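Take a look at this one chain, the form predicted on its own, written out in structure tokens.
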């Protein structure tokens, strides 16, 4: 559901960019309260996993595919604001390295998938988890919130497009986006449910965003390496075989005619456009995709890990200097 350049009006792009920047700053400040080995490890591994999983488009309809958004899944493990930072790290790498989501639409993409997807999704998950006690509540709440988060994000895009000069087509665009993304949301819910169920069985302590470092540093290191290995396996071995059908937004955009012509150059040239890194001797498409997945997964992992370690520490140092 990545919005490309030239779709939103410049004023809408600027407004959503300002909202997205403010939301990210607030999320980083909230992250300060969670700073610790647990948060650092999970932010790195979740960012890598979400990036890799988003490369694996799955068919949902003849000619239409979808992919994981990951906002709710990240929020269930890390809390809503840290989950939003995870999505931000993924979107930044996708935009700058792969031209997946336009530079001018980066703010809108974060609002839709990060703030609405993670923070809004968590607002649905939390009361369901409280209403249904035990692991069943966690699983049902996560799956329901995951489905709704996709629908809410698609609705937000329809509103942004309407504000960009297509008010007369708002209901038509909204109905198409809702219809297509209600199907994509089923895939989102299933993937989220599978991961949450696995964590419930193997590491239920990871599902408490307020938990401290209850395990030793060595075990957190193994958790990080294990999560990164899973993400790399998905990017290298599954992503090259992803569905080639357009995703939900692209399908609706082609059907209703609001996407820019493919001949229009993006605002930001990409070194690995279309998720392909073609090296001498490795020009074959699936190999190029696997290489791009490898580079992208490691880049997202490093960025998220750095954000989790550096930003809260920088804020604490500024606070100490101000107090002095």
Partner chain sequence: MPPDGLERHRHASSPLHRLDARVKLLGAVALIVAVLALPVVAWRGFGAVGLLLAFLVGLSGIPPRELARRWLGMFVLVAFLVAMIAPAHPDRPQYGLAAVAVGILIKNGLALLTMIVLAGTTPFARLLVGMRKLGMPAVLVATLQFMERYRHVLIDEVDRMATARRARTFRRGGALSWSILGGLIGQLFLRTFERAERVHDAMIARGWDGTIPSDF
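Positions refer to the first chain, counted from 1. Everything numeric in this text was worked out from a predicted model, so none of it was measured. Rigid core: the largest C-alpha set superposing within 1.5 Å between the two forms.
Missing here is the form predicted together with the partner chain; even so, the following discussion is about that form.
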Please pick, from 128, 194, 151, 230, the one residue with any non-hydrogen atom lying within 4.5 angstroms of the partner chain in the predicted complex. 194
The partner chain contact at residue 296 in the predicted complex, heavy atom, 4.5 Å: no
Does at least one non-hydrogen atom of residue 142 fall within 4.5 angstroms of the partner chain in the predicted complex? no
State yes or no: in the predicted complex, is some non-hydrogen atom of residue 123 no more than 4.5 angstroms from a non-hydrogen atom of the partner chain? no
With heavy atoms only and a cut-off of 4.5 Å, decide whether residue 24 touches the partner chain in the predicted complex. yes
At 4.5 Å between heavy atoms, only one of the stretches 128-136, 143-151, 175-183, 111-119 reaches the partner chain in the predicted complex; which one is it? 175-183
So which bits of 185-207 sit within 4.5 Å of the partner chain in the predicted complex, heavy atoms only? 187, 190, 191, 194, 195, 198, 199, 202, 203, 206
Aligning on the rigid core, do we see the C-alpha of residue 303 shift 2 angstroms or more between the shown form and the other one? yes
C-alpha of residue 27: shift of 2 angstroms or more between the shown form and the other one, rigid core aligned? no
Might you say whether the CA atoms of residue 55 and residue 17 end up closer or farther apart in the predicted complex than in this form? Their distance differs by 3 Å or more. farther
Having a change of 3 Å or more in the C-alpha distance between residue 41 and residue 135, I'd like to know whether it is closer or farther in the predicted complex than in the form here. farther
